[in-house]
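Take a look at this one chain, the form predicted on its own, written out in structure tokens.
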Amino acid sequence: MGVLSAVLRSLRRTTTISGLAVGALALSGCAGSSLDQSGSQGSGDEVKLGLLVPLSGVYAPLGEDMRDGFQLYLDQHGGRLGGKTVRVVTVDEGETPQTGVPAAQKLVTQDRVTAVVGVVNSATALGLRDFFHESKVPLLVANAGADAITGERSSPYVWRTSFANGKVGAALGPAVAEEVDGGVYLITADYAAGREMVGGFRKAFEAAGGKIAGEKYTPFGKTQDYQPYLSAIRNSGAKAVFSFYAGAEAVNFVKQYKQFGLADRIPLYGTGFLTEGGVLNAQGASAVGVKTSLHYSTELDTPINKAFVEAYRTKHGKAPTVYSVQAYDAAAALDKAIAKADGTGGEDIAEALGGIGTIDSPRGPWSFDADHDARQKYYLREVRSDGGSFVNAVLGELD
């Protein structure tokens, strides 16, 4: 069980998209009270950064991928960002805002970091907005997906290197409208991330001429038997299904979709978290043929991604995930910002983040938009069998 068990438990219990993933430990050799406490201005040739990821509890699996991606970038750049030596203080985000918020506050008020990277839980990210805004310390959100983070609750000091829930769903809408001749059934878990993912898809899908055949929001964290919902799909006359599930729910839904005989009759689409990382390993052959939208796949055929995947596998003994890339790119963004900034304080770096331009990433080129969200490509992926394992093959870019 191990990592996969933790992945499934985390996704069953999380209240946001934040719970989608894989374990966290402190950055080796980077944390500890021996680091200087000189404050957020740094010490000339040194910048102190905070890494806020789950180190315990049901979200701990996500922290491992985020930590590993962040550390890989540092290793590849000699432990320096923007020409400055980096010292990293790692703290445990835990499972909820009750642990994540005070942990982040400690990084700023006691450890005196210049910027913070991480945050799994969307509620934690939203709960920290005012603190970082008032402290004038940059927060680079490397996973939490709530739309409001870079929407109505945006701040000059909050930036996101991951995704907004609604945008991941919206990216797939026009493609499904073009591919499917008939109505599409919508189904997801009944919580914020599910409603934002499906809401983004519906808006783009209907704008492209698509028709809805039915929809259902299943009880979040409580649904294990999907047969009644699968019967409703079969009887709806739908020509395809769009869904968002994560973790244990994603595994159960996709497996039961296949067992119920729908996979060969009604194509299944979803956002990429439906088949990402350890979830896909657990689904196995049941997921073959499922099409999803996401901003990363290990199968992207570019020199940058091939080198990244090889380096990640060599260092960590496993394939990277979208979570690894999001933290890797947070380090890349800070690298450019620190080099560009007039000083090493939080205000200097926050201002510089707005002018770093395009980042050449394993996911493809991306940049921050006016709301500090990631302006990035989304890909149409399809699960395929590849030499005994299963991968999210890239079919093309989504408009």
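What you are looking at is a predicted structure, and each value in this text was computed from that prediction instead of being measured. Superpose the two forms; the largest set of C-alphas matching within 1.5 Å is the rigid core. Numbering starts at 1 and runs along the sequence shown.
Form predicted in complex with a small molecule: not shown, discussed below.
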Heavy atoms within 4.5 Å of the small molecule in the predicted complex: which of the stretches 74 to 82, 261 to 269, 175 to 183, 157 to 165 has them?
-> 157 to 165
Might Tyr191 be said to contact the small molecule in the predicted complex, defining contact as any heavy atom within 4.5 Å?
-> yes
Ser122: touches the small molecule in the predicted complex, heavy atom cutoff 4.5 angstroms | yes
Should Ser243 be classed as touching the small molecule in the predicted complex when contacts are defined as heavy atoms within 4.5 Å?
-> no
Is Gly278 one of the residues lying within 4.5 Å of the small molecule in the predicted complex, judged by heavy atom distances?
-> no
Which of these residues, Ala144, Ala170, Val89, Val290, gets a heavy atom within 4.5 Å of the small molecule in the predicted complex?
-> Ala144
Of the options Phe273, Phe132, Tyr257, Phe308, which one has a non-hydrogen atom that comes within 4.5 Å of the small molecule in the predicted complex?
-> Phe273
Verify the C-alpha shift of Gly247 between this form and the one not shown: is it 2 Å or more after superposing the core?
-> yes
Superposing on the rigid core, is the CA of Gln326 displaced by 2 Å or more between this form and the one not shown?
-> no
